[in-house]
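As a starting point, one isolated chain is supplied in structure tokens, in the form predicted on its own.
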């Protein structure tokens, strides 16, 4: 299937490792130009080299998406560099590793508000596209209980609600808003790879709950994200796609 992404202009947050890296790889392979950010400047520079080797334009910067003014300034700058924006993928996350009020503050600033601020800054650019699309990367921790109560899951749930509401509000401008909720994702150096090494009994228990007998890969999540962002998914908006290798057991109507 031709996803219709050649020459499209995409912005991806958190794109140097894991799911974000796989998303940017696939966008480049499909011929899209990419602007991305992450926290590690050396990793950003290396990613720019890798992505431009695919024959597309790539702009990378070390940006703290939790810093509202700096983040907004970067978004406006790369929108100019790209000559417009067709796709915004909000992938950066503070993760689930922090506890207490610090977790609520970090997940609010990074997981929720970086997505909200990104949309506020980019919606005028997306409205000028002939196929503006936004994808929020959330988590299954937002849609069912998972170990214990967390700020991460609660604020990702808020992001899903915001995405659905926003999708209704901007549809008249030709902009689609969708979400994906990955389950446990395994890749070298990732959180579940660490759990596999340090707490193998927990890893085995969680993997055993995946109906497919294994965890998802970043590439599998990326394929769903890129499809939803592409013109091939032109009639899909306001949806939350669960990508969890069968971990969740709820019935989706």
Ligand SMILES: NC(=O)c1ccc[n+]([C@@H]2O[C@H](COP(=O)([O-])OP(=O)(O)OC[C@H]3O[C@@H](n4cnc5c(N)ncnc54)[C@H](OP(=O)(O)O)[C@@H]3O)[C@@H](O)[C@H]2O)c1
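Please read all numbers here as calculations on a predicted model, not as lab measurements. Positions refer to the first chain, counted from 1.
This protein has a second form, the form predicted in complex with the named molecule, left out of what is shown; the following refers to that one.
Asker: Please tell me which of 37, 228, 28, 222 lies within 4.5 Å of the named molecule in the predicted complex, judged by heavy atoms.
Answerer: It is 37.
Asker: Since only the chain is shown here, I'm wondering whether residue 133 would be in contact with the named molecule in the predicted complex (any heavy atom pair within 4.5 Å).
Answerer: No, residue 133 sits far enough from the named molecule in the predicted complex that none of its heavy atoms falls within 4.5 Å.
Asker: Wondering, does residue 163 line up within 4.5 Å of the named molecule in the predicted complex on heavy atoms?
Answerer: Residue 163: no, not in contact with the named molecule in the predicted complex.
Asker: Quick one: does residue 60 come within 4.5 Å of the named molecule in the predicted complex, counting heavy atoms only?
Answerer: Contact with the named molecule, no.
Asker: At the 4.5 Å heavy atom threshold, is residue 15 in contact with the named molecule in the predicted complex?
Answerer: Residue 15: yes, in contact with the named molecule in the predicted complex.
Asker: Quick check for you: of 135-143, 163-171, 79-87, 116-124, which stretch puts a non-hydrogen atom within 4.5 Å of the named molecule in the predicted complex?
Answerer: Going through the listed ranges, the match is 135-143.
Asker: Which of the residues spanning 174-207 lie within 4.5 Å of the named molecule in the predicted complex, based on heavy atoms?
Answerer: Residues within 4.5 Å: 182, 183, 184, 185, 187, 192.
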